[in-house]
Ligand code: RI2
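Encoded as structure tokens, the following chain is the form predicted alone, with no partner shown.
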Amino acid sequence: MIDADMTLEETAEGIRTMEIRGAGRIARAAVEALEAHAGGLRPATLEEFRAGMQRAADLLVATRPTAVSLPNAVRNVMRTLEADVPLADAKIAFHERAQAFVASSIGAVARIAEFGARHIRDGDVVMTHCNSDAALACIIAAHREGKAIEVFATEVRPRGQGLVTIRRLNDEGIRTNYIVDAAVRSFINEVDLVIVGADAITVSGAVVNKIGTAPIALAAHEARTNVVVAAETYKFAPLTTLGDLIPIEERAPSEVLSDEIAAALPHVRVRNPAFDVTPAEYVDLIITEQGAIPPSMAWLIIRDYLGWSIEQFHQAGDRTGP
């Protein structure tokens, strides 16, 4: 849940600066912020309500371009405003859809944990990267089932999200090894399973996740270690069906080098992409709240669970242009 005292603008800034982070948490925070914003508007007409909510939606969606959970979540709740109904009914429908989305998002992680734990065997050594609620839920569920597991968790440069992960694992009493990102290949032969989350999944089954995921998947592929991705269905990217590319967010150089050090290196340009793309052929399974699928079935998730019809794809293409 977001802080009830946060304004829409504060929530947007929290998402942009990564005070609110993790694709699922971002999605829920955005929907909760929209719900609170809707309650504070005093429109005279349905058209005014739609316009005010669309401005709010646009502000939130612009904060993090890579995590498609954000626009998917916003689209999910904004669709309620497409119906021509009395203003009071539109407000009620929006509130109910927002509440349902948040509950569904939380429930999705629980379902993924249930499915994911089945793929972790007693005695397995599991590697994870970044701080994914869904991936961690699978590991913790397996541990709570009594399976004796061990985890390798990466540091996750440059912001160190791995520290959040190891604290959670430690609190659960799970034996954990904390390693720098570059040490993955040194330990991959000790690992039985890699399980990570996702910020976006394309129609081809390629996975966009925290920078460093693709090298881990490559090392696992070479070591013949299975790679499992745990992701809610709203992390699938519908517009990739049209050939759209998911933009890879590049964050501030100051996350890597302090401004003071950078100023002393005038010929050095710091590059800081926040995500990378793991090809579908390096992913063995994607676990969603609807069940486990091979990457080649990503299209079915977009069609059957995100509710995008062929007509909507074409309409979206007309709006976004070439």
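A residue's number is simply how far along the shown sequence it sits, counting from 1. Because the structure is predicted, anything quoted here is derived from the model rather than measured.
Quick note: we don't show the form predicted in complex with the named molecule, though the next part is all about it.
Visitor: Is it the case that Asn209, even though its partner is missing from this view, gets within 4.5 Å of the named molecule in the model of the complex, heavy atoms only?
Guide: Yes, Asn209 is a contact residue.
Visitor: Taking 4.5 angstroms as the cut-off for heavy atoms, does Thr154 touch the named molecule in the model of the complex?
Guide: The answer is no: Thr154 has no heavy atom within 4.5 Å of the named molecule.
Visitor: Mark Thr165 yes when one of its heavy atoms lies within 4.5 Å of a heavy atom of the named molecule in the model of the complex, and no otherwise.
Guide: Taking the distances in the model of the complex, the answer for Thr165 is no, it never comes within 4.5 Å of the named molecule.
Visitor: Given that the partner is absent here, does Gly197 sit within 4.5 Å of the named molecule in the model of the complex, heavy atoms only?
Guide: The answer is yes: Gly197 has a heavy atom within 4.5 Å of the named molecule.
Visitor: With the named molecule left out here, work out from 55 to 63, 23 to 31, 277 to 285, 264 to 272 which stretch has heavy atoms within 4.5 Å of it in the model of the complex.
Guide: That would be 23 to 31.
Visitor: Though the named molecule is not shown, can you say which of Asn72, Thr233, Asn131, Thr241 has a heavy atom within 4.5 Å of it in the model of the complex?
Guide: Only one listed residue qualifies here, and that residue is Asn131.
Visitor: Looking at Thr80, Thr225, Thr202, Gln161 here, can you tell me which has any non-hydrogen atom within 4.5 angstroms of the named molecule in the model of the complex?
Guide: By the 4.5 Å heavy-atom cutoff, the listed residue in contact is Gln161.
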